[in-house]
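In the form predicted alone, a lone chain appears below as structure tokens.
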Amino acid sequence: MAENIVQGLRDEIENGIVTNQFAPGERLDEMQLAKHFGVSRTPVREALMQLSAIGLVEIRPRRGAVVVEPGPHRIYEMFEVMAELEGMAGSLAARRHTDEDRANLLAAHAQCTQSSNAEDTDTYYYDNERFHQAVYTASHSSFLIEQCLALHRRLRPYRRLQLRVRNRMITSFNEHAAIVEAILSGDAEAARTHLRQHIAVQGDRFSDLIATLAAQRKNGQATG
């Protein structure tokens, strides 16, 4: 099974959930999804399992995959915790990074430069993932890495959606530059602060995210 096929299906179903094309409590039928996307049931099943792992769907006995979509308060709480975890990862990375970590972080930042300059939000999203994973790896804390990756996956659809807010991608990239400088200069407190602010979605940023989510849902309903 090609990994990119599963990833593409997962992203399409994920987008359908956050835009309300698939409503909370709705059953996601494997056969119907396979027919809709023109694939076999095997990659559909794998995509649903991945969505189950991050809590967007729940696999129930005799019902299969059912949509589970958190409300705004829950999303806010997850970003709040993610900001603290990323801040800790940045602080540790500033103190513990190796030459290999340095090279990986710079390479990931360079990839973000390309996708940002191309104004390609979808590609930037995946380059952004690799950038944050390079920070986690540089922390050299296996338990923290596990927790960061788990919550990062859980917030994936909302982090991707946030990049579609006007000017958010270029702002994100500029924030990356400050994060890289802080980590590579060994400034643990600056790295912590920059990463916490980079992830936090308080005030206007959270309002923008929720407004964009609502607009996506309205468009999804109009075209569904």
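Note that residue numbering follows the sequence shown and begins at 1. In this text, the rigid core denotes the largest set of C-alpha atoms whose superposition between the two forms falls within 1.5 Å. Values in this document were obtained by computation on a predicted structure and should not be read as measured data.
Just so it is clear, the following notes concern the form predicted together with a further copy of the same chain, a form of the same protein that is not shown.
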Just to confirm, residue 50 within 4.5 Å of a further copy of the same chain in the model of the complex by heavy atoms?
yes
Exercise: residue 117 in contact with a further copy of the same chain in the model of the complex, heavy atom 4.5 Å
no
Determine whether any heavy atom of residue 45 comes within 4.5 Å of a heavy atom of a further copy of the same chain in the model of the complex, and answer yes or no.
yes
Just to confirm, residue 134 within 4.5 Å of a further copy of the same chain in the model of the complex by heavy atoms?
no
Check all three, 105, 176 and 180, heavy atom within 4.5 Å of a further copy of the same chain in the model of the complex
no
Which of 180-188, 157-165, 52-60, 31-39 lies within 4.5 Å of a further copy of the same chain in the model of the complex, heavy atoms considered? The stretch 52-60
Within 4.5 Å of a further copy of the same chain in the model of the complex, which residues of 139-159 have a heavy atom? Give them in sequence order, or say none.
140, 141, 142, 143, 144, 146, 147, 151, 154
With both forms fit on the core, has residue 44 moved 2 Å or more by CA between the shown form and the other one?
yes
With a C-alpha distance change of 3 Å or more, do residue 146 and residue 8 lie closer or farther in the model of the complex?
closer
Cα of residue 43 vs residue 157, shift of 3 Å or more in the model of the complex, relative to this form: the pair sits farther
